[in-house]
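Only one chain is included here, represented as structure tokens and corresponding to the form predicted on its own.
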């Protein structure tokens, strides 16, 4: 029982950064923007979270730096794809490569090549009084860190904004019919800039979670493709916040099982490498098996105003 509860609690922990990333991707893609720089945003968020916490001794500074750096990368991506109307996939891929190099370079500039990994204090678990004492559910849901608790509030807020406000209607309409949106007085490019910047902010927090909420350190491979998993969850969840929630919980459980099995050493009939690859195998299987997608009509297509 204790093992199962531990796996479930860790599954929620591991799903938290994926949920930050996938929810922000849902918002951005609803406006027509595929933020394919998400892997780089995750990585620079992880680096910023580590550096801010290590240099200034506070996780708050680390998270703020991660958010700021994530928005910087997002702003560059938005400028190239929205203003300059360049290809979103190519631009995102280039930024991912650039960020990987920048993080490695500045990590060495600031800290050299230490003989042992530099460590920071991880975000503490914060048991919620009374609720954390509920059998099973208390340990799983109410004995997490602050970033997970914040996510509980973000889920309904994003749903409400997307489907119950004029701002959400503007976001969805720019992804479906930007021409009609423009005629209705909506500034399409402004909406797309805003959603991409929001994605950068959330992606920065997601990356910081890995360095200050989970590992307590930074390495060049800390993200390991998880930004792309968050990107895929947006597709698999059919561009809906609740679909993203279900998807991240599934992937979080897969990663939690993977970590547990690796901790046992050899699993006998299956090598450890299989469990390391399990979340990524699951991504491929679910993507291939999906038969229909409700893709925003103008996803990935730059808006060119008539006469502009």
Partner chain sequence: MGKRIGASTRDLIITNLVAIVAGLVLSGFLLLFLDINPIQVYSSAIKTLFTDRYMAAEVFLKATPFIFTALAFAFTYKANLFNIGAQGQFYLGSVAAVSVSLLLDGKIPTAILLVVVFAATLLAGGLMGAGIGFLKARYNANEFLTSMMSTYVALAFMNYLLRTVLKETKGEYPQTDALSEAAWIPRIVPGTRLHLGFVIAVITAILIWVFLYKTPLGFRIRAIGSNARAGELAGINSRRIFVIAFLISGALAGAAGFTEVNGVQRMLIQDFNPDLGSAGIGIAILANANPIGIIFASILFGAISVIGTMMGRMPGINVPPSIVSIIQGSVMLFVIAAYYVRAMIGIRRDKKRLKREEA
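This structure is a prediction, so every number in the text was calculated from the model and none was measured. Numbering follows the first chain given and starts at 1.
Just so you know, the form predicted in complex with its partner chain exists too; it's not on screen, but the next bit is about it.
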message = Only one of 97, 137, 184, 130 gets a heavy atom within 4.5 Å of its partner chain in the predicted complex. Which one?
response = 97
Contact residue in the predicted complex, chosen from 189, 145, 238, 91 - any heavy atom within 4.5 Å of its partner chain = 91
ask   = in the predicted complex, do 68, 164 and 179 all put a heavy atom within 4.5 Å of its partner chain?
value = no
query = Taking the shortest heavy atom distance, is residue 120 within 4.5 Å of its partner chain in the predicted complex?
reply = no
query = Can you check whether residue 280 is within 4.5 Å of its partner chain in the predicted complex, heavy atom basis?
reply = yes
task = Look up in the predicted complex whether residue 229 has a non-hydrogen atom within 4.5 angstroms of its partner chain, and give yes or no.
result = yes
ask   = Is the gap between residue 297 and its partner chain in the predicted complex 4.5 Å or less for some heavy atom pair?
value = no
ask   = Just one of 217 to 225, 189 to 197, 202 to 210, 171 to 179 has heavy atoms within 4.5 Å of its partner chain in the predicted complex; which?
value = 217 to 225
key: Partner contacts in the predicted complex for 98 to 120 (non-hydrogen atom within 4.5 angstroms of its partner chain)   = 98, 101, 102, 104, 105, 106, 108, 109
